[in-house]
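The data below hold one chain only, encoded as structure tokens and taken in the form predicted alone.
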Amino acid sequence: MAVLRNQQTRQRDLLNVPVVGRFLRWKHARTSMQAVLLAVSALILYDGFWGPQLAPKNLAGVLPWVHWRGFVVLALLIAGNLFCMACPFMLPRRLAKKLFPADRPWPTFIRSKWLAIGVLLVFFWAYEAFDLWASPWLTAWVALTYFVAAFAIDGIFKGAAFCKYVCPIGQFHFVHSMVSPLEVKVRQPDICGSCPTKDCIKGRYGPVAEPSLRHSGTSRNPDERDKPRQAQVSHLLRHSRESSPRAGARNPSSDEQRPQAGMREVTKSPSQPARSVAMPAGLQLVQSGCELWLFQEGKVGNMDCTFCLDCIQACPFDNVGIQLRAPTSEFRRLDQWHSGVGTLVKRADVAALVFVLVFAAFVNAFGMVAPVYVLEQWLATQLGVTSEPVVLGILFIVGLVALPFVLVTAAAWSSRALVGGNETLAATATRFSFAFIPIALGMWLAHYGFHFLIGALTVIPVMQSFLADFGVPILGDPQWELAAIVPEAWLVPLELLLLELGVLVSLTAGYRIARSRQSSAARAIRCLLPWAVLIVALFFTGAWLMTQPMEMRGTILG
């Protein structure tokens, strides 16, 4: 049975897919993807600062707001957190790690998601208040600020502090990748239980040319090359079965076996102090372990996982893969301890992050339909305010903070009143917050998919124009009539389909969450009822928004 289970695990592993798997196993796969996006970012910065300032004719007005947003939400739906895997901001961050000590621990009082939530709120407000989508110059400044922030923060602090605690884009991907079909996880827990080195978290140390188990073979025959690793794996499995009656379960003692000597920090949860470990004398780090402190043996799900693949590269037993899973399977383990994250049902900051992103999906779309201008005018008249940023600030505080707080509190109170129990309102709200992620992803897909489908081809004339400005019109004259890739009549049905999928998965996930705490199906349905009402209300709100005339931003038509 164990052999059959292992075979099934490998069949569901993206690393075993021909071509794709081989590329992802390549040590420089991530760097090559980052280099491509860094080159694209350089073009965006150049055109944003010095190119034409009409957004549909500028790379900074098209690539980030039309193409990048469309691709990343689609990637989250069909794969996972692919943007963080190829994030171009990581290259200057890596340079900062080489130039500066980067040895300070991240301050304990902001070791949570609250700072990132604040940055997200500011970004969503600034996007509308300053029309970032219409200003290539401001878009370039936003991108440059990102590079500088990643460089400065990770040049000072240990690990991937910028990704884990600050980056608003990263938080967006962390949350929505919880319903993605791929997860970086251990293949055979037995091997981890007996692993003496824990390279996946502390990294691999040794001389630069140190042969590893994975790369030690000199034969060109793959079977011959894998023999040393296979022998080690077999030995560890035998040792595990003989010595550990709990083989396969998380071994608490493994935390005590973490790096012994000095350099890197590992944490059990964001609130737990980091422990320093030392590096053996005379050795150097040749392969990083997880810099977000997700110890593979205790890692659960995609929260805080950047798909950096460092753990895959570091594991000497090839025991970490990118495995297929049921998209909402992560919600069955909310009460389980997650390495580097803690227990999700105790993370109020994570729940707040989820609800901000859920309501932002709808508020962001509301900012692009005609009724928002009527509301803005009414509010400005009532308050006697003439500044649009101030009016929008009030709308965003209401839409992303006050309204969610009232609705979520009411749902939590109603849910508890219907089934009783002594769980706090905050705990109940935190538990059910994750059920809202699918409807949020459906709304982001419907919204960003709309802009992508009607503007995907705009990159062609923009690139033609960009090259012509440099005196190399090798792509011909700009064809500004190019824009949509599907007929306009398809848009609303596609958007409604995405929303319908989102609401169905959210209701299913909500029922499973409720059922995990209730003794019967009837009690679970009563517990879920208030949350289901809120989920369905969001669905109808999204459906109404998608049937409104929406600004075609990023195209000449917009």
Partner chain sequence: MNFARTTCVIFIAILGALVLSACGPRAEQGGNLDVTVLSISPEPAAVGDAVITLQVRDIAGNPVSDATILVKGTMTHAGMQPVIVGTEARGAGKYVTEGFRFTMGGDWVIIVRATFANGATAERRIDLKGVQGEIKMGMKSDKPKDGN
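Since the model is a prediction, treat every value here as computed from it, not as a measurement. Numbering follows the first chain given and starts at 1.
A second form of this protein, the form predicted together with the partner chain, is not displayed here; the remarks below concern that form.
Residue contact with the partner chain in the predicted complex: Pro56 places a heavy atom within 4.5 Å of it.
For the chain shown alone, Leu14 is not a contact residue for the partner chain in the predicted complex, no non-hydrogen atom being within 4.5 angstroms. Under a 4.5 angstroms non-hydrogen atom cutoff, the partner chain in the predicted complex has Pro549 among its neighbouring residues. Proximity of Pro371 to the partner chain in the predicted complex: non-hydrogen atoms within 4.5 Å are present.
Contact with the partner chain in the predicted complex holds for none of Phe71, Gly510 and Pro530, as no heavy atom of theirs lies within 4.5 Å. Only one of 292-300, 177-185, 130-138, 334-342 places residue heavy atoms within 4.5 angstroms of the partner chain in the predicted complex, namely 130-138. Of the residues Ala116, Ala483, Val354, Val320, just one reaches the partner chain in the predicted complex with a heavy atom at 4.5 Å or closer; this is Ala483. Residue in contact with the partner chain in the predicted complex (any heavy atom within 4.5 Å), chosen from Phe151, Phe157, Tyr205, Phe466: Phe151. Contacts of stretch 28-63 with the partner chain in the predicted complex, defined by any heavy atom lying within 4.5 Å, are made by Leu45, Phe49, Trp50, Gly51, Pro52, Gln53, Leu54, Ala55, Pro56, Lys57, Gly61, Val62, listed in sequence order.
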